[in-house]
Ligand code: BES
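Coming up is one lone chain in structure tokens, specifically the form predicted alone.
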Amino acid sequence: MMRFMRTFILSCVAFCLAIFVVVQNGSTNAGASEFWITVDSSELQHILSDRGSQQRSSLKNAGVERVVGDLAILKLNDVQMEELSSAMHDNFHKCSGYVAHTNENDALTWARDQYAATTESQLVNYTIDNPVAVNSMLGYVSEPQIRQTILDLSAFPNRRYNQSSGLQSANWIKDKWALLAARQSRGQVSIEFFNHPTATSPQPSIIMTVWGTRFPDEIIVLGAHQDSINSSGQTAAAPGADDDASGVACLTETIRVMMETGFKPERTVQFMAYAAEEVGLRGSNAIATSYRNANKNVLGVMQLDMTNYRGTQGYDMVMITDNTNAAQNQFLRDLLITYQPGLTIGNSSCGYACSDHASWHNKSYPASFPFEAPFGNDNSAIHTANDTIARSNNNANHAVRFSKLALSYIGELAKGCVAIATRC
């Protein structure tokens, strides 16, 4: 009976949403780029049913093509996606709240894989036995360095994927990482743009690779998204200090420490600054899809998205438990207990594909998402002009913990040695 009722309710959702297509006669903005999206069907229904909003008239011309599980699949143009992103933030405090796909088949595959992907698969035995290397690196983590990167990135007018300042900030990140890599003379570091079709994102993603000395085909990924957004408009100020300059700053500090200490990983480590996360995980989805299509052996993925605002519920860090891998989440908890004892660690969940970890999880790669606070107790200023470092008392103390977690993750999952501590 419960299965029947679930099917009946979802069918009603699809039918009711389709009615909007029949009764609305507004413009469809046919000249704009179009994407297929996957989005929670009940939340979409709530938004489309809000007849009181005059700001989303274009979105109300949308019609659901099908419903798979809890996800609605439909085609939207850029204007409609902008309206949906704003509505998701206003109604549910969600970052975009949907995933964008280049075609219907990709959307359908995502929806089906979302329910097939397991949170229990374990591709590697997790061990914590490399304290010399890890502790050597942890001592180099610098709060002023992290803070300065946050300030530098939040100084751009915005880092939106389709604005000139979004391209400028992408170049800034790539140049910054290249400058840090120049300290490592052994020729096993590369930095490149992962270019997306212009309709997907004029802003490229950035990938820095530190090749493994023993197992170069085994890959560890650490990611953060580089773009920022203001829900009030495309050209509005979006400093995005917490969301997600803080995550990129943690990656940058991790890179700096690796280069400074001469850490040589046995497995390949890749740092990724994803484009266009705020408009449907476009950058990470493209990369994860290409890695899966190439059958690349990614043993673990860690996402850093919002790391510098400490909520008020007494947790230093929480593990997001949905769209993540349970075994790797426990590994991260063990790393925190071992290398940052005394921190209070909790669990939380987003209830949707809330950041780039979901792109990897959807492709059955083990992904984890350590987060700054219990979901809903995080930084309420995101997607506004007020997302500045002032929200974190003008320091990067909270982000230091995430940089140290990233270094311990690399040291114990990629393994390897540091030149400053051993003959490496």
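Start at 1 with the first residue shown and count on from there. Note that the coordinates shown come from a computational prediction; the quantities given were computed from them, not determined experimentally. Definition used throughout: the rigid core is the maximal C-alpha set that superposes within 1.5 Å between two forms.
Just so you know, the form predicted together with the ligand exists too; it's not on screen, but the next bit is about it.
Stretch 345-353 is the answer when you ask which of 327-335, 345-353, 155-163, 101-109 has residues with heavy atoms within 4.5 Å of the ligand in the model of the complex. Residue 208 falls outside the set of residues with a heavy atom inside 4.5 Å of the ligand in the model of the complex. The shortest heavy atom separation between residue 96 and the ligand in the model of the complex is within 4.5 Å. The ligand in the model of the complex comes within 4.5 Å of no heavy atom belonging to residue 36. Interface membership of residue 65, defined by any non-hydrogen atom within 4.5 Å of the ligand in the model of the complex, is ruled out.
Among the residues 275, 301, 258, 306, the one placing a heavy atom within 4.5 Å of the ligand in the model of the complex is 306. Counting a residue when any of its non-hydrogen atoms is within 4.5 Å of the ligand in the model of the complex, the one hit in 202-239 is 225.
Relative to the superposed core, residue 378 undergoes a Cα shift smaller than 2 Å between the shown form and the other one.
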